[in-house]
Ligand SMILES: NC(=O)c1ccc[n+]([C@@H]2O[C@H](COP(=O)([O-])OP(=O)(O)OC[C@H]3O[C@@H](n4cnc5c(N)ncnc54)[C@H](O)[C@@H]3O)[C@@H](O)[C@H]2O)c1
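Only one chain is given next, in structure tokens, and it is the form predicted alone.
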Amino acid sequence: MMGAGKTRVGKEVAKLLGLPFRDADVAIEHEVGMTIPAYFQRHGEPAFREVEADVIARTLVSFDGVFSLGGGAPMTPSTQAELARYAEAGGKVVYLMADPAEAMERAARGGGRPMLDGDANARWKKLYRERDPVFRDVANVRVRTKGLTPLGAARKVIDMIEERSIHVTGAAIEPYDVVVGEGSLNHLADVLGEGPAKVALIHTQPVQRHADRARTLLRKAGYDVRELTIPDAEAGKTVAVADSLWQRLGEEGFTRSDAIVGLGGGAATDVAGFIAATWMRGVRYVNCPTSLLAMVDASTGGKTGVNMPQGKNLVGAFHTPAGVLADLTCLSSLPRDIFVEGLGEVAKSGFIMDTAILGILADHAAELRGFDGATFLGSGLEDVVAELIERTVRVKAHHVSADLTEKGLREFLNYGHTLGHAIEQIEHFSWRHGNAVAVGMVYAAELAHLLGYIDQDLVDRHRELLASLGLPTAWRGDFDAVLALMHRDKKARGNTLRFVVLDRPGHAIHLDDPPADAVREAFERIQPTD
């Protein structure tokens, strides 16, 4: 908006990055040979917008630097289209979300703004109501600058443009962003917004250091923070734990206007989301995943829930977060085995849709398998992991956007999960989710091969890639127990088994009611050979 400091902040960003800076208003004045107020007065706004759109279009394809647009520029449809193309090509379109009071004061003081003629504050507020939704839509980086100096705002812009952001939207989804990068947790207060008074920070004990950081950030932003610690992993994902959290929220007087922050692995973010979905029939929440598995799977998509003795995720709700902050610095505290299990869900996304993921995993298998949190940041591996997270989240966003409540397309995200969940249940959750899914994918591949959907080479590719990453590809268990649990799988229809299988790399299909002998034979093929 006018008065947000686009020119001053833009110059600081350019200086810090060692890039050239260009201001659209200056470029337009050079183009027309007069000041913008004079051009407005002589030719009117439509003529000005036409010149402005042309200058912006030419600059976006020819200028490699920091470019500051006029406040009304993104309202022109042709400019919106140009910015969309620029963003799709990897460019960063930054919306400086200044505090309205600060921006109005600067805009009125600066003068020379034809759009603010008359009652400047009233005009600014009217323009803000019209422009803010459009600005949010065209930008792929949104930076709140309240209380920041131009240099402070510039540093925040740089931090955010170096992050990866995936916008999740679709039918029945309140749009939100998944932000991947070092330090993304710093945006926690921005994502929560100014509405909530109290925030329940739900986390597990092993991530206390990250919870301490989140609590500090929230309290610094003025929130009343209540910490709620739950058991780690699947032990914390029970109805009893959920009940204890509900009791605590009631005792603390949480209302519908308060919020939840879930911080930890996949189980912790599942529980936090379930509490947010059910408390007062739904409150705002933010996910802060600390494990690779949570970053690529559990924290995104709006599926929340807890386990029952009879099966996994049998009680739950669909409730989308206000945002997901996948801070890569959290991965530096992960043990190797917990990092590696997350690669199972990454590989799944490669097998069902984005086959480029499979190539990245194969090229970096040794580095990923040998993950060392102490040397992770600064090793170069963090860039590989960031790309894998971004690609995997985009696969999930694609499926979720068209099918929030899992009635069709979204079920393909369960590739490997029908057997995987049964393994977890039978092993009393001593097997981690990503490891169980890895075996489940090999099983699904064997089943698809037996029924003629895929060839042996693709089955072998499953085994070789997963093994190269340090993931298991075999498991010994009781077939009757497994079959009983697969019949309880949420994809099952009545007494009919329903699987997700591949018919080619990158393409999943439903397999309904496969022959019983093929179901058993595929199970025999995943038994250990020793």
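What you see is a predicted model, and the numbers here were worked out from it, not measured in a lab. When you see a residue number, it is the position in the sequence shown, counting from 1.
One more form of this protein, predicted together with the named molecule, exists but is not displayed; see below.
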TL;DR on 285-293, 153-161, 97-105, 180-188: the one with heavy atoms within 4.5 Å of the named molecule in the predicted bound form is 285-293
Students should find that, of A211, V324, L334, V442, the residue having a non-hydrogen atom no more than 4.5 angstroms from the named molecule in the predicted bound form is L334
Only hit among V395, L83, I389, C330 for heavy atom within 4.5 Å of the named molecule in the predicted bound form is C330
Is G273 close enough to the named molecule in the predicted bound form to count, meaning some heavy atom within 4.5 Å? no
(message) Contact with the named molecule in the predicted bound form for G420, defined as at least one heavy atom pair within 4.5 Å: yes or no?
(response) no
TODO: Report yes if any heavy atom of N313 sits within 4.5 Å of a heavy atom of the named molecule in the predicted bound form; otherwise report no.
DONE: yes
Would E446 sit within 4.5 Å of the named molecule in the predicted bound form, counting heavy atoms only?
-> no
Checked 196-212 against the named molecule in the predicted bound form; residues with a heavy atom within 4.5 Å, sequence order, are T204, P206, V207, H210
